[in-house]
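Shown next as structure tokens: one chain only, the form predicted on its own.
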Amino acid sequence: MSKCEQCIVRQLNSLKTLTKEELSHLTSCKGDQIFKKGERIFEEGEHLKGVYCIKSGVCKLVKLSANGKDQIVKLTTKGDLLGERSTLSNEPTNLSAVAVTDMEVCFIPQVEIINAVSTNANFTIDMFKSMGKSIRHSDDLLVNMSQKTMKARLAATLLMLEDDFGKESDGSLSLVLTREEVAGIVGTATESVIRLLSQFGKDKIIKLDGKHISILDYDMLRMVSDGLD
């Protein structure tokens, strides 16, 4: 079992504010878990019994829409915490978490999170800052979904995927998503995403190679994202 006090991942989240003693105690209480690509970490409506800290891999937070499709609200990766709001409020989570790639996570029991919030002011403040950023992200998503065209949302998604997850030596996006997953981020039908990606390819804005996507014309893609095409 990895030790929290020696883990560099904690520097990416609120756990960095815990003392050495608190981290040492956390090591004895947490559990290491592996999730394979496609596995659900938790379900929408579930009462969580703690927080998940991502050691490696990528996870998608999804909301089941009225038409039965999964709307991807956010992609999370190394260092992110999952389930803080539900754990602190003791209410059912309003999202599901699904592994996009194979993942390693640490599970921290609810009682340990509550104790840290009660005794460590720096941890409490950092947790609230993190949740505030999450709420702002949700607000931005709502604005983009309501004000941007489908084409602009797809362009913005491709730029986000490279900014957040990088690209390979051949120029393709490092995070390889299915067309269905891209549609889940954009908030449209898979067929529409396939058609628009094909059009981007014909316009030499991107290059398609199976599931792999490379951005060729950043200026044009940004113009499309801003609705200026």
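Predicted, not measured: the structure shown is a model, and the values here were computed from it. Numbering starts at 1 and follows the sequence shown.
Quick note: we don't show the form predicted together with a further copy of the same chain, though the next part is all about it.
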Worksheet item: in the model of the complex, which of the stretches 98-106, 155-163, 130-138, 75-83 has residues with heavy atoms within 4.5 Å of a further copy of the same chain?
Response: 130-138
Practice prompt. Check each of 63, 49, 179, 40 and return the one that places a heavy atom within 4.5 angstroms of a further copy of the same chain in the model of the complex.
Written response: 63
Discussion item. In the model of the complex, is there a heavy atom of a further copy of the same chain that lies within 4.5 Å of any heavy atom of residue 203, even though the partner is absent here?
Written reply: no
Worksheet item: If you check in the model of the complex, is residue 167 within 4.5 Å of a further copy of the same chain, heavy atoms only?
Response: no
Worksheet item: Any of the heavy atoms of residue 67 lying within 4.5 Å of a further copy of the same chain in the model of the complex?
Response: yes
Worksheet item: Does residue 124 reach a further copy of the same chain in the model of the complex, with heavy atoms at most 4.5 Å apart?
Response: yes
Fill in: Those residues of 39-53 which, in the model of the complex, come within 4.5 Å of a further copy of the same chain by heavy atom
none
